[in-house]
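In structure tokens, one chain follows: the form predicted alone.
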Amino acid sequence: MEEKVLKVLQEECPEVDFFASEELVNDGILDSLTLTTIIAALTMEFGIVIPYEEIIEENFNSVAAMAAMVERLSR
């Protein structure tokens, strides 16, 4: 799942180095506009709904965290 999520992220946000940090949000690598783009891309690609309660730093701080969230919401 991580590879699929990474592919979507790199297509939608090629300017972002998703391996620069394990705390992408906390370190300021992902801003609110980029997060909005990521949420839309993951929603469309995986056919999931990301509830407001899931839009927290922990779910977007790394590719692994995003993949885990997508997997959890796909069930």
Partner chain sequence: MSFTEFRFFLFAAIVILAYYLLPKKIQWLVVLAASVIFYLTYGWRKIIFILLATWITWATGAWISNVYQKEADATTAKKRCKPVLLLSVGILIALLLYAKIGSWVIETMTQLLEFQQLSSIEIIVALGVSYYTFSLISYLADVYWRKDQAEHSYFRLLLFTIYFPKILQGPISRHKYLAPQLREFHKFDYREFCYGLQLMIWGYFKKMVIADRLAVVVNTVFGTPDAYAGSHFLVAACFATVQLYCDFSGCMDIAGGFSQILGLKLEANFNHPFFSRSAAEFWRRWHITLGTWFKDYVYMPLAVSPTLIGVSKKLRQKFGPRVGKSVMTVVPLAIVWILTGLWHSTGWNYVVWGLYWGAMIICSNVFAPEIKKLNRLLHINTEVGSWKVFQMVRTFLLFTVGRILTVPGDLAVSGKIFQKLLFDFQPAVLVDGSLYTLGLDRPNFILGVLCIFILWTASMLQEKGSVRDRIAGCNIVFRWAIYYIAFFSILIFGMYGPGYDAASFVYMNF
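Residue numbers count along the first chain shown, from 1. Here the structure is a predicted model, which is why all the values come from computation and not from measurement.
Omitted from view is the form predicted together with the partner chain, to which the following refers.
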property	result
Interface membership of Ala40, the partner chain in the predicted bound form, 4.5 Å heavy atom rule	yes
Asn26: touches the partner chain in the predicted bound form, heavy atom cutoff 4.5 angstroms	no
Heavy atom of Ala20 within 4.5 Å of the partner chain in the predicted bound form	no
Contact of Ala64 with the partner chain in the predicted bound form (heavy atom, 4.5 Å)	no
Members of 30-46 lying within 4.5 angstroms of the partner chain, judged by heavy atom, in the predicted bound form	Ser32, Leu33, Leu35, Thr36, Thr37, Ile39, Ala40, Thr43, Met44
